[in-house]
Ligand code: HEC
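Below you'll find only one chain, the form predicted on its own, shown as C-alpha cells.
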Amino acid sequence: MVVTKLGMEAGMKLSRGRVVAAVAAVLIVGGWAVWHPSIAPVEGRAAFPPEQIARGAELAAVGDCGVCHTTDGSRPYASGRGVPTPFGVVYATNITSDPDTGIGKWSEAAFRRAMRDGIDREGRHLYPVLPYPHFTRATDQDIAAMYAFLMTRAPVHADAPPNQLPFPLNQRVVLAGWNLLYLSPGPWRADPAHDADWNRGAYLVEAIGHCGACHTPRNVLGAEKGGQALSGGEAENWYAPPLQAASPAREAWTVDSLATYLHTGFDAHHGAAAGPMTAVTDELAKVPAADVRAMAVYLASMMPNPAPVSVVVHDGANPVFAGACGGCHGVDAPMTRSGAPSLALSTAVNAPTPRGVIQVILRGLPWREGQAAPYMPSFASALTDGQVADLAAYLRSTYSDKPAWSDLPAEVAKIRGAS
C-alpha cells in the first residue's frame, strides 16, 4: 500500500543496538495486537462520479501522493521511490489500479483501513512512512474521493523494491507496538473559536497535507514528539523549519505571502522552495486556490511577527562568494537590482542548522520546465567541502545576526555523502 515521506529529527543518531533495544521494548508492550483479518478482494473496476474523481485528484495533490509514488513520469503512482529514514529505506508501493501489484483488488473499506489504521488489505502492518497518523483524521468523504481517484488511474504492473531495513525492524510485527504507543485514531474536529477558512486550513494541514510529518521533530522510535507540532524537523536530510512561533523567517509570513509561496514555490519576500518542498509546491499548484489560501490562513495564525531585519551588505571579500554567488546575489547583480529577495531574508541562512544552506549550495534549485520559477545551478562538482563550509560560514556571518554555525566541514561531508 501507499507510503509517503517521513521527516526525521535532524540530530538523531541511533546505533543499531539502541534501535534493537527500543524495538524489543515495543514488542513486549504491543506484541499482542498483531493479527488483523484480510478484507475480501473486489473484482472488476467500479464506476465513480467525475466530480468525485476530480476532488480526489485535488486531495491526492494536497497529500503529495504522486511525490513518493512516482519515479517515472510516464507511469504515475506505480511505485519505486525510496524514502530514507534513520532506520533504513522504505520504498513507496504501487497504488495504481493494477490488481496484482497495485490496489486494484482493494475495496473502499480496505483503503480506508490503510489510511486510518496503517493496515493493508491482507492484514499486514504498514510502516508509518505512510502518514496514517495524520490520514486517520481524514473524513470518510475525502478518503472515498481519494480512493475513486486512485482506482481510476491506469493500471501499471510494477513491484516496489524490497525495503532496506535491518532485523528486527524488517518484521512488521513491531508496528503493532508502535501503533499502540503512538497512533491516536479519531475524527478531526473543527475549533469553534475560529472561522471556516481557518478550520478548513487546519484540516488540510493536519490531516490530508500531513505537514507535521516533516515539520515536527521525532523521538528515537520515529514518532512525532507530543506537544511540539510543527516546531521544525527533517525531510530527506533537509531541514524542515518550524511553521509556528519558532519560525526563523526574518520577515513576517502573511496569508498572502504564504498562499503565494505554497501555490507557486516562490515569494518575493522570503525566497524559493528547495529540496523536498519543491515537489510539495508543484503538487499544491494543482489544488484550488481557495484550499491553498485556507492552509495559509491557518499557518499564518501561528507565525510570529519578527522585528524588522537590517540587511547587511556583503563587502565582496570572500572569493568563493564572489566567484560562485556574486553574479546573482551581489549588490550590483541584475537579479538583485530587479527585486530578488536579499539573502538576509532567507530562512535557510537564519535557521539554527546549516543544513538548508549546504543543501542548496550542493544541489541548487532545479529547473522547473514551463514555470516562471527561480533556478540555481548545483555547485557540488565545482566546490570542495572546505569551500562549501567557508561559503556557508560567510553567508551566516554576513547576512544574519544569528550565532555562527559549528562543525561546518563535518556537516558538509555528511550531507554530500548522503546524496
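Throughout, we count residues from 1 along the sequence that is shown. Owing to the predicted nature of the structure, the values given are computational and were not obtained by experimental measurement.
Keep in mind that the form predicted in complex with ligand HEC is not shown, yet the notes after this line are about it.
Judged by heavy atoms within 4.5 Å of ligand HEC in the model of the complex, the contact stretch among the candidates 151-159, 219-227, 113-121, 179-187 is 113-121. Proximity to ligand HEC in the model of the complex, defined as a heavy atom within 4.5 Å, holds among A294, A145, L284, L169 only for L284.
Shown alone here, H134 lies farther than 4.5 Å from ligand HEC in the model of the complex, counting heavy atoms only. Using a 4.5 Å cutoff between non-hydrogen atoms, G232 does not count as a contact of ligand HEC in the model of the complex. In the model of the complex, ligand HEC lies within 4.5 Å of some heavy atom of W253. For the chain shown alone, F87 is not a contact residue for ligand HEC in the model of the complex, no non-hydrogen atom being within 4.5 angstroms. For a residue to qualify, one of its non-hydrogen atoms must sit within 4.5 Å of ligand HEC in the model of the complex; all three of W106, A348 and P377 qualify. With contact defined as any non-hydrogen atom lying within 4.5 angstroms of ligand HEC in the model of the complex, the contacting residues in 261-294 are Y261, L262, F266, G271, A272, A273, A274, P276, M277, V280, L284, given in sequence order.
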